[in-house]
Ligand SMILES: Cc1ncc(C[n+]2csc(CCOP(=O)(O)OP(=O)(O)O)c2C)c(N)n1
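One chain follows as structure tokens, the form predicted on its own.
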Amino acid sequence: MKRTGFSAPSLPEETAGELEEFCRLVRGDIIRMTTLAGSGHPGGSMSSAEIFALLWSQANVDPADPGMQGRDRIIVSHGHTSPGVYAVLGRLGFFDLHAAVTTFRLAGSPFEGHVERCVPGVELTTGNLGQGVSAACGMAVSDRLAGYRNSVWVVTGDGEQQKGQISEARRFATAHGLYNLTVIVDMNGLQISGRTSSVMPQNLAAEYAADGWDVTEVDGHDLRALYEALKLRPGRTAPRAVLARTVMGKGVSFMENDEQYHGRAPTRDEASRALAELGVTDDIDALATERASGAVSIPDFQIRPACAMFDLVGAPRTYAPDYRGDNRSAFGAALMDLASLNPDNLPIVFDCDLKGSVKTAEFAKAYPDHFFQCGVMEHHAATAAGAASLGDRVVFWADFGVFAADETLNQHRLNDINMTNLKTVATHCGLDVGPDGKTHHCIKYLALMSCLHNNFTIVPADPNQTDRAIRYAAGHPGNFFIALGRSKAPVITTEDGEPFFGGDYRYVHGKPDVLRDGTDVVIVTMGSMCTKSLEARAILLESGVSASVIAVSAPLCITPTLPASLRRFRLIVTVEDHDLETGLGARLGIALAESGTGVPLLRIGVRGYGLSGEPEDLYRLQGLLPEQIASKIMAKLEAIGCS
């Protein structure tokens, strides 16, 4: 089949004929896959068949080299149409079609119910609707900065357009001139609950046009007309939306325009009727026997983790003991250092209207082409920034903690599944946010980040550790969540008065730092509470209690060595500016129980939501001031008979 790259004036007639026959066979594959699995989404897969076939057969992609540099990007946002995607890719030679048909939705198979990025030809694991257009924006940004002049195509469903994040993505694409981006909407007019127009009325042509897009409406089953709508046009000055009118279940008369087939596989009898109507051989029984035998060949496709990192992270800055700054400013300074060290591979930075507060303003001024303002659109920003990192770039997204964690967990989850390489810097975490009040106190970020399997969470203690943590994240692959406060953070010193995290100190993820040694009690703490715990230690010492203070900068990475090292103490205490039931104390409590340590544990942290006021007043109300911490420790020691 001739590949035009969408540069030919029209679809060659021979190619059009081949594609029509191709789509007939693809529809047969969809019926066979979903019937064998006994589940799936055949209706939308069949309505999108011409769209998928035209894109992957004509775009600048290579079945022999699916990951080639500078390729066109094809993102399928309505990932439940995976049977159609797998059928098209298999028939074009990206992988063995027989394996996809026989193992679709089979445990252990890469051909899952929603498209998976490990499958050759699939750019992004999707299906959690509404995020595909944002991801396409992120890829378009990254590829443009890499110097590629490719096209980025994203296919979506029409019911999916009800998601607000798509509106965010539309505005971002216009604001940043992503004119190589084309969204194709499969407008089959049906969703689970019936007619889309009845479930939630929408005027997509008007909505896209209002956001500055070039809008075309077309018959989504007419390959020639669809090609005309998708072909490349030099001098484009707007991103493009192609609204493709389609028929759910297209090609099988009893399935057409029937919403039950959105998410129901044909029965065995229905499958026979469907295949007969399509003129496709009915081999389902033989395939079912092969599937049930356990001898089916399952491809070992592995996801490709994004792993860009800086080889040059530079010598860390050391802030003197008299420095009076905040951790977020230390982040901003480290970011500028990284940029100056890597001028030919600058980081990409995403912002949500907070560059002054999150300290990315200097970067935005110095490197405007690598700074992407998202406005108040956090859901889009999280997805787009994660997807941008799939283009082999180091990407930072800085935002307030309540937006960077609480509001965008769903987007982080998609990034986690896709094994992106996003460095999220969350400022204004904890009660330290102060007067903004409970709606802005990010006090459960550890609980949220603990849901993610491919994520590293860091809570630095002071500006020096922040500097080193930022450089560490930039020099290591993977998703990072770095939690910073709002207020000025005193530089933590050794007993000799030197910066504890200065000089030769090297950040090692998961390694606790013993700030002070002691014999009776150990205080395990993190972030802004490190300073207050040291002050509590001094108060305890006046009462004859010797306390160790250990800073845990990676509270979701508690290794067995930490509980083992705490057995020598009479009391273990955790102190945190975080929800008591889901933070450091809870994590350490589980680790202590599993290790059989047997030492009493006292957890001190945030109980319930905070109020509006100065951080010190909020800490007092929660019992987090040094004298209150010391008092609670003394009371606990007395209660367990250790006073």
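Just so it is clear, the model here is predicted, and its values are computed rather than measured. Sequential numbering from 1, following the sequence displayed.
Separately, the form predicted together with this ligand exists; it is not shown, and the next lines address it.
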Though only this chain appears here, would S389 touch this ligand in the model of the complex if you measure heavy atom gaps against 4.5 Å?
-> no
Taking 4.5 angstroms as the cut-off for heavy atoms, does T102 touch this ligand in the model of the complex?
-> no
Contact flag, L338 vs this ligand in the model of the complex, heavy atom cut 4.5 Å | no
Taking the shortest heavy atom distance, is T525 within 4.5 Å of this ligand in the model of the complex?
-> no
Would you check whether this ligand, in the model of the complex, lies within 4.5 angstroms of a non-hydrogen atom from each of G44, K163 and I192?
-> yes
Select from the listed residues G251, P266, G127, P110 the one whose heavy atoms reach within 4.5 Å of this ligand in the model of the complex.
-> G127
Heavy atom within 4.5 Å of this ligand in the model of the complex: which of H262, H221, R328, R170?
-> H262
Within 4.5 Å of this ligand in the model of the complex, counting heavy atoms only, one of 205-213, 293-301, 471-479, 184-192 shows up; tell me which.
-> 184-192
Partner contacts for 388-405, taking this ligand in the model of the complex and a 4.5 Å heavy atom cut-off | none
